[in-house]
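This document starts with one chain, in the form predicted on its own, laid out as structure tokens.
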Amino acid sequence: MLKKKFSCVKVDQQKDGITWVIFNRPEKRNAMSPTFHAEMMEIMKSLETDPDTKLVILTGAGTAYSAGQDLKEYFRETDGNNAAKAAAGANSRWRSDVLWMYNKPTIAMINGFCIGGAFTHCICSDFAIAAHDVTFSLSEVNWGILPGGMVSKMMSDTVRPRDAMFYAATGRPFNGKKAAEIGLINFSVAKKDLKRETLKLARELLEKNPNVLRGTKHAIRATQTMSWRAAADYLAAKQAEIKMRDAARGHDSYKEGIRQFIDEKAYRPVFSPYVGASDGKTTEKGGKPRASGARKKKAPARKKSAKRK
């Protein structure tokens, strides 16, 4: 468990394995300062190996997810100070280098405003959910720079090129519904339902085998830029890695999943993970078959009564 207190970020670890990482500069709409980035780099690296954390949710305190980089502290106050500028830039890569291939599931729960540099951790999180009324904006063009820090690249890789060009070149704001429509986020919901729907997704992910989920995440990320042959080799290696990691849990997920499905009919893969996927408590170790495993028997067809003449 992470017990250290931070000045710009609040960490709330739940007993179910979900850890909330809350950007905590509400007076600045959670704009990102050099101190903020340093704290986030430390937090994300610590949580990645923390046994009490199985999934991370990123969100903002107050009225914003994040208003992007703090123009005064991140840009103006580091001008002319090469060491400070380099340190701030290096620490800001928690949003990309660290988050992109993170070993645990991550969800961005986007509230209020998501501006400029905040697009980085919105895109690099595994999943992103926003309220319908969130304001998204690539406003950089309006104050004299382009969407840097790889935001332009990330946008053009994530959404349709026409949409990336339109919103980057105009700086025009758009809401959560439009963000979902263009593929920037997974979906949007009413503001009152945002936390509930985020937790619903988090708990669904926590039912999966963590080694298989980790391998799947990495497979989707890494193969995006690979050739067909390289991707085939990578996926084979990842499957072997899952097998090795699962051996430490006392079972082989691939064999266990097939065994429970064919021999025991203990679950239905379309509707749920195999028994013991998340905690290792398989049917052979006392785990109970899932309710969805039992197939409904078809009722015998009724005989049509003969029509009277």
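What you see is a predicted model, and the numbers here were worked out from it, not measured in a lab. Residues carry their position along the shown sequence, with the first being 1.
This protein has a second form, the form predicted in complex with a small molecule, left out of what is shown; the following refers to that one.
Peer 1: For this chain shown on its own, do 50, 212 and 214 all sit within 4.5 Å of the small molecule in the predicted complex, going by heavy atoms?
Peer 2: No, none of 50, 212 and 214 comes within 4.5 Å of the small molecule in the predicted complex.
Peer 1: Is residue 27 close to the small molecule in the predicted complex, meaning a heavy atom pair under 4.5 Å apart or at it?
Peer 2: Yes, contact at 4.5 Å.
Peer 1: Residue 145 versus the small molecule, in the predicted complex: is there a non-hydrogen atom within 4.5 Å?
Peer 2: Within the cut-off, so yes.
Peer 1: Might residue 116 be said to contact the small molecule in the predicted complex, defining contact as any heavy atom within 4.5 Å?
Peer 2: Contact check for residue 116: yes, within 4.5 Å of the small molecule in the predicted complex.
Peer 1: Since only the chain is shown here, I'm wondering whether residue 126 would be in contact with the small molecule in the predicted complex (any heavy atom pair within 4.5 Å).
Peer 2: No, residue 126 stays farther than 4.5 Å from the small molecule in the predicted complex.
Peer 1: Which one, 71, 101, 219, 201, lies within 4.5 Å of the small molecule in the predicted complex by heavy atoms?
Peer 2: Result of the distance check: 71.
Peer 1: If you check 234, 174, 187, 75 against the small molecule in the predicted complex, which one has a heavy atom within 4.5 Å?
Peer 2: Flagged contact: 75.
Peer 1: Quick one: find which of 244-252, 28-36, 259-267, 41-49 has residues within 4.5 Å of the small molecule in the predicted complex by heavy atom distance.
Peer 2: Of the options, only 28-36 has residues within 4.5 Å of the partner.
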